[in-house]
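Only one chain is given next, in structure tokens, and it is the form predicted alone.
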Amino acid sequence: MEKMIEVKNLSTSYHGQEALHNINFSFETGKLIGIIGPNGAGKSTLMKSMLGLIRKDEGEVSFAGMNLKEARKQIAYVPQRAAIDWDFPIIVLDAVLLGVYPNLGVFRRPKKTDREWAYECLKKVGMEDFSRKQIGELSGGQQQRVFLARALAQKADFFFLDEPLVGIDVTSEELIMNLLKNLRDEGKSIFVVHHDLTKVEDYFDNLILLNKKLIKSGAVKSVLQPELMREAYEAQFSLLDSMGVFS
């Protein structure tokens, strides 16, 4: 049980309307897991509920035998780009350096070694040449790579990325997915909210299929079944079928 990530009986509401109902799943650690479902299905809500960023009505979440409070410093979260103030005056290296703060003691400031580590993380995402640039001057793909570097700087065991591949260039997408696969191979556990169903077999080990309730969780092929996708996507099912998602 210590090597499992588990969600039990999780329900969450917004303004009195239930957004997620009685979600249950478990995965071994060291997996790359996609969260899929139609718009409004509760994908981001599930992620935020697991991380305590929004209050859940009920339910329990455990990270390799730890509750959220115990696991907090081992968790890295990359929000949607739309949720970030890109006009905030901060250079790229300092944005990545924010990732070391969870592991610093109270009132401690980053040292030279911390700045060197932040720069190494920038190199991992191919953004070291942009270290002195303002974050708002970057393209969408470049910004996403910088925030992945910030997550890497945390030296976390659990990574949660909310739509990291939306609106970015092909080069950034390939680099990000290769990095996530490398992290998985190092034993890290990674959850990704994702939309492009044509790529899930190439990208993920497991899937969580939602539409306010859990439709199915498990290995990719076990989830990408026409009857399950029809239940989740309803009116969009015919379009997905024509795209070859189930072939």
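Numbering starts at 1 and follows the sequence shown. This is a predicted model, so every value here is computed, not measured.
One more form of this protein exists, namely the form predicted in complex with ligand ADP; it is left out here, but the text below deals with it.
Segments offered: 217-225, 23-31, 178-186, 44-52. Contacting ligand ADP in the predicted complex at heavy atom distances within 4.5 Å is 44-52. Using a 4.5 angstroms limit between non-hydrogen atoms, Gly40 touches ligand ADP in the predicted complex. If you take 19-37 and check each residue for a heavy atom within 4.5 Å of ligand ADP in the predicted complex, you get just Ala19.
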